[in-house]
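Next come structure tokens for two forms of one protein chain, structure 1 first, structure 2 second.
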Structure 1
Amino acid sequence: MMIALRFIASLAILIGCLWAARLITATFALSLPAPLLGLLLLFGLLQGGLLRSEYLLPSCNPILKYMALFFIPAGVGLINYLAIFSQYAWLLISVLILVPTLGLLLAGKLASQGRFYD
């Protein structure tokens, strides 16, 4: 019972941040995506000491652990675009190979300039 209440309370904080962000982006006509502003708002609340991360863990842990589940409905949307997949197969294959290779090499090379202590 307590677990369910804690889950609902922490979920309410997350939804509250998202709605506050939606309100702000709509009011000021910002091009920033609302969920991202919500992330920054919540981060600000945590960093400013207004919220403790323990309050959020009951819902954040399962949501982040199973986050992958939430993309499935959007991903299935590909069935409406099967023609595009076959028509532009070579473009998509080149993107699949080049984008991660170049990204990994550049980000890795730059990051390896850091002095890391173990």
Structure 2
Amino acid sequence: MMIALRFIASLAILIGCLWAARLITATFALSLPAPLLGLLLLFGLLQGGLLRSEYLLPSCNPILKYMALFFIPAGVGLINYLAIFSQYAWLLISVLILVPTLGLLLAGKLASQGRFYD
């Protein structure tokens, strides 16, 4: 019984943050997605010490355990665009490999030119 109450309370906190974010975005007509604002609210509550992370564990653990299931619809949706992906495969692969590689090389080069002291 106590476990069920903790689960319901932690889920109510998560849903409350999302509900507050939806209310804020609707009231102020923000273009920011409500789930993102809800996460920022939750982060602010956690960082501000108003909410302890132990209170969220009963509902967050099952969500994290089955998070892979949330990616199935996105993966299935990608199958609809396989023709486009195969048409631009080299462009996608080159962008996915070249851009991070160039970013890392540039950051490494800039960092090596700086003078850092421990």
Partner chain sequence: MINMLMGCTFTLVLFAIMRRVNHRWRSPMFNPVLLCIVLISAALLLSNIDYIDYRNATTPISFFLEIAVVALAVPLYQQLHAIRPYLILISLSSFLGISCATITAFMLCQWFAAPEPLMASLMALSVTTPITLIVTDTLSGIPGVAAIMVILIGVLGGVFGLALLTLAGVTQPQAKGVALGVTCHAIGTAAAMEYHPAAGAFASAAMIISAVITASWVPVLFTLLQGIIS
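A quick note: this is a predicted structure, and the numbers were derived from the prediction, not measured. Basically, rigid core = biggest C-alpha set you can superpose within 1.5 Å across the two forms. Counting starts at 1 with the first residue of structure 1 and goes up one by one along its sequence.
Engineer: Would you check which of the pair is the form predicted together with its partner chain?
Structural biologist: Pick structure 1; the other is not the form predicted together with its partner chain.
Engineer: Using a rigid core superposition, assess whether F43 undergoes a CA shift of 2 Å or more between the two structures.
Structural biologist: No, its C-alpha moves less than 2 Å.
Engineer: Rigid core superposed, CA of S86 - does it shift 2 Å or more between the two structures?
Structural biologist: Comparing forms between the two structures, the S86 CA shifts at least 2 Å.
Engineer: Can we say the CA of L32 moves by at least 2 Å between the two structures when the core is superposed?
Structural biologist: After core superposition, the displacement of the L32 C-alpha between the two structures stays below 2 Å, so no.
Engineer: How much does the C-alpha of F71 shift between the two structures, in angstrom, given a rigid core superposition?
Structural biologist: C-alpha shift for F71: 5.1 Å.
Engineer: Once the core is aligned, what is the C-alpha displacement of L96 between the two structures? Give it in Å to one decimal.
Structural biologist: Its C-alpha moves by 9.3 Å once the cores are overlaid.
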